[in-house]
Structure formats: structure tokens, C-alpha cells
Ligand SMILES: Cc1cc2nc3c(=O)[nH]c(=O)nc-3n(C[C@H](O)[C@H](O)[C@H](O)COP(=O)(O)OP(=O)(O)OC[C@H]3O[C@@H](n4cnc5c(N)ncnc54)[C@H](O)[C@@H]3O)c2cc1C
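Only one chain comes next, encoded as C-alpha cells, the form predicted alone.
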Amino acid sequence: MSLNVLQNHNLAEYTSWLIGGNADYFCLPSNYDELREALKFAKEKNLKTTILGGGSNVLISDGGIEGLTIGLKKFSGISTDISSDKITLDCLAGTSKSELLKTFLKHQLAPALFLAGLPGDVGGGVVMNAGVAEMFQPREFMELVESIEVMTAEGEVRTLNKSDLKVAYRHTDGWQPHTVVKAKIVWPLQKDPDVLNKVREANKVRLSKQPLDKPSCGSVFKNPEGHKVAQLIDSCGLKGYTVGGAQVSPKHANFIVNLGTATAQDVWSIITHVKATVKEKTGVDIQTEVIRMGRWG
């Protein structure tokens, strides 16, 4: 077996929160054959499999993850095809959105502005239908996607068109129970010569409003219908609320930051407290964007 499978491997460095326990088994496939090997290994040993993408929207338990965790960090790459009227990008699922951003910037295309605010990878962009609050065009990841490829547990690759998927706010269904391995991204070749300046300006605004100097997962909660969740949390006086090494950012109420020693339990305690307080004081139910992974009580 050419794929290196590690045992009892810590996962904190593979998440943007820098939090998480150990995976029973862990591997980093870099191509389709290695991913097939990983899935075969899990099947032969009767292990549950967990796919870990860019790690920007997950909270991994302090108790770690059972079975085999497959990290997609090395499963990356973009092939570009340009015709007279459009650009087509075939992106492996582990490709970071920042790589995608560079490609759109190079060709002076509008999605660069949207992508500048998004952490994580392409696969996560598909699964979470990642988006931004600003009224950009596009403002949701699936607006870019024409089709995806998935791999079954047996290693077969299938193509699903966007029409085969159910796309919603911060969520895409219809690819399960398989693994998203590639996205075909298509955009009209309509250049915006000013897009680099717009990206620089947007980044300046984000730096001033978001705690980008500390580990976080980005936005923790979804915006409920008719509300901005950061305003709801702020109105409840929760900015700066701290448990252990985790804190509701004093800069932006929809960010929970790792002050350096945060555990997953610290973060989850804050999330549950914020949800309960917002419900009690405003009557609004708020839901997380964050996915919990691993062994939770």
C-alpha cells in the first residue's frame, strides 16, 4: 500500500480553529488512486470514514474521531480551459479557495471579490454552499458550479449536474453518501479591470471588522430570516463572553476565537450559551454553520 496511514494522529493543525483531538487512523491522499486506497482500507477494516476538507467550518471533539479520517489538504489542483466566452475550471475538492481566487484575479473576473472573504476548500464550498453577507454577484459558492464529481465507497467516480443537487442557504444535498472529489466551475469571460482594487478594499474592510489575527472558523451562526445574527448576539451583551481559552470576539459577535488554549468543549459551551441567551432575550432561534465531528457525549 503506497498510501501512508497514521494511527492516533492529532487533527488540530488541520482546522482553522487549531482545535481537536486525535484521529484513530488518518491519511492525506493526493490523487484518485490514493483516495480509493483509503476507502478500501476503511472497508477492509470495517472503519467509519470521515472526510476532513479545509477544516474551516468544523469543530473536532477533544476526544478525537473514530475510524479513518481522510484529509483532503493534498488532494488539490486546478485545470483551466478558456473559450471565447467563458472560463471553465476543474478543481479537485481539496483545492483552497485562495487558489481559486488567484485564478479569477489573474483573469480579472468578478468571483475574485466573492472568494476573497471565504476560507476553506472547494469541497467545503460545495457541501456548505459557502457564501458572504455582502451583495456581491456571485455571493454563494454553488452559483459558480456547473457539476461535481463524487467517489463512491467502492471507488467509482460519478458526475452529478447541479440540477441533480438540492442547493439551499449554506447547504447542498444530493451528493451523499459519497465523497465530493471535484467541482466544475464555469463563469462568463466578462472582465472587470478594477476587480483587484475591489478585492484590496474588501480585505481592508474585513480586517477592520473581523478578528482575522486569531484562530476562528469564520462565521459560527447562520443569519436567521430577517435578522443579522451578529447584531442579535451583540444586543444580548455577549461580545467578549469567555469560557476557558475561547471567546466571543469583541470585534465581531459572530466569531468565536481561540485565545491560545481553547478546547472544543470551551467552544461548544460558548455556542450553547449564545444560542440559549439569544432565544431567551430576543425569541429568535439561531443555528450554527459549524459541523461537529468526532466523539461527543
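Because the structure is predicted, anything quoted here is derived from the model rather than measured. One-based numbering along the sequence shown.
Beyond what is shown, the protein has a form predicted in complex with the ligand; the following relates to that form.
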A264 within 4.5 Å of the ligand in the predicted bound form, heavy atoms:
no
Should S16 be counted as a contact of the ligand in the predicted bound form, where contact means heavy atoms within 4.5 Å?
yes
Contact flag, T172 vs the ligand in the predicted bound form, heavy atom cut 4.5 Å:
no
Even though the partner isn't displayed, in the predicted bound form is V58 close enough to the ligand, meaning a heavy atom within 4.5 Å?
yes
Proximity to the ligand in the predicted bound form, single hit among A112, A93, L89, L144 (heavy atom within 4.5 Å):
A93
Mind telling me which stretch in 98-106, 79-87, 197-205, 112-120 gets its heavy atoms within 4.5 Å of the ligand in the predicted bound form?
112-120
Among G131, V180 and C217, does every residue place a heavy atom within 4.5 Å of the ligand in the predicted bound form?
yes
Partner contacts for 67-91, taking the ligand in the predicted bound form and a 4.5 Å heavy atom cut-off:
L72
